[in-house]
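First, one chain by itself in structure tokens, the form predicted alone.
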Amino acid sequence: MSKWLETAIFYEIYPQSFMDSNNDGIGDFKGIISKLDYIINTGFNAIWLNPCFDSPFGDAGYDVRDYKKTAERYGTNDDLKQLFDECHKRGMHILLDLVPGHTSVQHEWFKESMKAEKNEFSDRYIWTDSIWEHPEGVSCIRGISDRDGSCGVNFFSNQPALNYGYANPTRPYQQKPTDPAPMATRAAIKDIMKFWLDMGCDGFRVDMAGSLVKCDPEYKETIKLWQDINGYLKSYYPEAVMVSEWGEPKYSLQGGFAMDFLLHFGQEGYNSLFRCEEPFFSKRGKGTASVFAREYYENYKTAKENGGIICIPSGNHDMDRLARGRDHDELKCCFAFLLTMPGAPFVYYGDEIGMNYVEGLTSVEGGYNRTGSRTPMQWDRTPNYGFSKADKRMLYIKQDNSPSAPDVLSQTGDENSLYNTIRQLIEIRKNHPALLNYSEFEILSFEYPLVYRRYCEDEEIIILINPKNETAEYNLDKTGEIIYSLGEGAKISDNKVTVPKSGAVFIKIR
């Protein structure tokens, strides 16, 4: 396992929306570089950068046209290398977003595959033998070239699925994962990874990692594929890190990934905390953490057995903002949880100031309902919130114009702000070995308050979190001292802990 992962705290950057350095209304690499000191001073020491490769941007860069070239609007390959170098100068690490499952219809591989004449790329994608046949396990596009056949797509119709084979081929067009064409696709992805690792990136977050081998219900062939790719990576780049967008650690970590996310799709435990009708993290106090606790224990055990970790993100570019439907007291409780749990914390840009989900935006670059979570960063109260000096009409996504729109500068100067609470929580995490990424974990209570134990050889800390809008109590069977409290009125009396409403208490056991 990569040593740097033990203390990594990640910040996810959606490059279009972070910082515009050339006043064209779109964020870019130089803009990110200009804000690296802000990122590290907040407490983050690692970055996940959303897709930045050449693309027609039908799906925000998840439709890649050229894997080895950066998108012109962000800058050049040299600019991206400078970003890598500037991160490393500050002791930071950076992951790129790898999209191995599909390309853009404008990718040269796909253009070649559409030709009626057989060539090197004819089987790089999933094509049936007849225009009237639909490929199994995927949607499709058809009638787009002289080639007879329908082509599988992974998500939008502009994202043809690369061919990694079928787990159990039943039709003539279906190939085994070990057939020449799927193996050529696999080799091409390894080559792309090598290209960027040699330039200085520290690994990859892998988009739709569980979807590569088709019709693979138990992921047996997909796991073998990733064992091969991750084995290659560890042989040549032992400090590189691979994070999967899979959402099922019991499979992904078998494939050799260092980390997997708990996500808003798949199991319901994550959503039961943050994104459902009555989430646990709400002042209403009508939720429960029991579903999360059950699922998390299973995943935590799998992670320990496979030497990996699980990440619980504040959100990402595909989810509603964490602040949707919450005030800052509730958000502080969320982060008291997120920044004391095992695994590497991931915070989506702007969540550290409680940026709002902006309702009713017209879709930009395939965002649809997700567009409201992708609005430009709000740095200060100058025009465009300091994101860009371009005319407001040039901004590629509209900004939040509500009176409650937060900004970094205002919160930096407020010691009680969400931003400064997060800075303090990160500092506590860094200073206590029991709270680090690989330290042990045990849930003690999953109602209000949520209580869990973090511990290692040298330290034990009990975390109590009470999002509910009324005081909660918990009988502690150990003696300890309060090292942090959120809200007013936290105390220990005769081993009974009083947790403030919408508050939290951290107790170091003596």
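All of these numbers come straight from a predicted model, not from anything done at the bench. Don't overthink the numbering: it's just position in the shown sequence, from 1.
Omitted from view is the form predicted in complex with a small molecule, to which the following refers.
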query: Candidate site Y62, F155 and H317: all three near the small molecule in the model of the complex by heavy atom within 4.5 Å; finding: yes
query: Contact residue in the model of the complex, chosen from E245, D407, D216, E330 - any heavy atom within 4.5 Å of the small molecule; finding: E245
query: Contact assignment for the small molecule in the model of the complex, among Q159, S388, N163, S373, heavy atom within 4.5 Å; finding: Q159
query: Proximity of A293 to the small molecule in the model of the complex, heavy atoms at 4.5 Å; finding: no
query: M208, heavy atom within 4.5 angstroms of the small molecule in the model of the complex; finding: yes
query: Among 181-189, 302-310, 200-208, 390-398, the region lying within 4.5 Å of the small molecule in the model of the complex by heavy atom distance; finding: 200-208
